[in-house]
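One chain comes next, on its own, written as structure tokens: the form predicted on its own.
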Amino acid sequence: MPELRLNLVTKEWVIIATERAKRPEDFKISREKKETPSFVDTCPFCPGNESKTPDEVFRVSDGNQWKIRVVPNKFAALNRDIERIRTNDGYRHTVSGFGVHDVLVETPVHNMATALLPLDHVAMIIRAYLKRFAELYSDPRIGHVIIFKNHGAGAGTSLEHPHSQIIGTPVTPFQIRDRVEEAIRFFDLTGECLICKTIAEEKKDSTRIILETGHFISFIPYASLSPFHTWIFPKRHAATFSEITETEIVDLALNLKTTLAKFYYGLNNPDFNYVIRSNRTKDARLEHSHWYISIVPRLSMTAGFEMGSGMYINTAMPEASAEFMRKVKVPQQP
């Protein structure tokens, strides 16, 4: 029978619709097989087309060819060349559209999914994230930095060449503030970090864990907001992504690549978004906050009930989804 579960991290109720629940294998994407070339001459992110993007912020190279490029988004949501100006006029509160919007081109190969990249290349991507994350937060005008990847049209991407985005905004979004406030309340009541407590509880239960590596654990939360919604938590308490160590970067590359590969092979490469949720670099010593990665496969739609109530309906049992993911065999890759 249906039940409501409370997601303590997001503080949102979720309806686990057991009577409408599908089997995990029913979420496997059915799509026409499409042969995508490794190079597209019109793609601005393919090698040889570097002049089609704004000037590089930086690149990672092996000496012969670039492996990763970071460039300003040609169609940026915010403008890095204007001043941050805030005005309050009655009920009209405005901040000028200052901010930074970068694109991280993950690989020169046009048709290479993150799940199929060599492990050391995924680690390079994480290092590039870290470098740009720290650089943006060194600007006192930046209020919040978000690193995210949209994979597939259903996740909002317009270019299929593998890339991520990094945006620095002049304000801290209210969703971020709300989650920080919930973490503070939990810490005030229990003296524990909510994420650290969640890791302990999930390991104790074990039914929702997908993969545990040396420093990270990926799992489908008890009250996951949508089918196969997955979190990757660092085991070591750290409030900000900027605190990740080199050893943890290598381990995160393994966990992230393997988890994405399980989606790739188990659900036939679904569209997805992932986001690094983190506090600011200057908040590194906070006891109540803990950074993590959220992966949301686009396997369902947000409809009127969700928009009207703020509650989600999940038609996949988290425990069954995690068991399915654990059993997905990932071919041996470099």
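It should be emphasised that the depicted structure is a prediction, and the values quoted were computed from it without experimental measurement. From 1 onward, residues are counted along the sequence shown.
Missing here is the form predicted together with a further copy of the same chain; even so, the following discussion is about that form.
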| item | value |
| --- | --- |
| Listed residue that, although a further copy of the same chain is not shown, lies within 4.5 Å of it in the model of the complex (heavy atoms), from D120, D178, E246, D188 | D178 |
| Residue among V109, L159, V250, V171 with a heavy atom within 4.5 Å of a further copy of the same chain in the model of the complex | V171 |
| a further copy of the same chain in the model of the complex: contacting segment from 127-135, 259-267, 190-198, 234-242, heavy atom within 4.5 Å | 190-198 |
| Touches a further copy of the same chain in the model of the complex: V275 (any heavy atom, 4.5 Å) | yes |
| V296, heavy atom within 4.5 angstroms of a further copy of the same chain in the model of the complex | yes |
| Interface membership of N150, a further copy of the same chain in the model of the complex, 4.5 Å heavy atom rule | yes |
| Partner contact for H101 in the model of the complex: a further copy of the same chain, 4.5 angstroms, heavy atom | yes |
| Within 4.5 Å of a further copy of the same chain in the model of the complex: residues from 304-328 (heavy atom criterion) | G304, F305, M307, G308, S309, G310, M311, I313 |
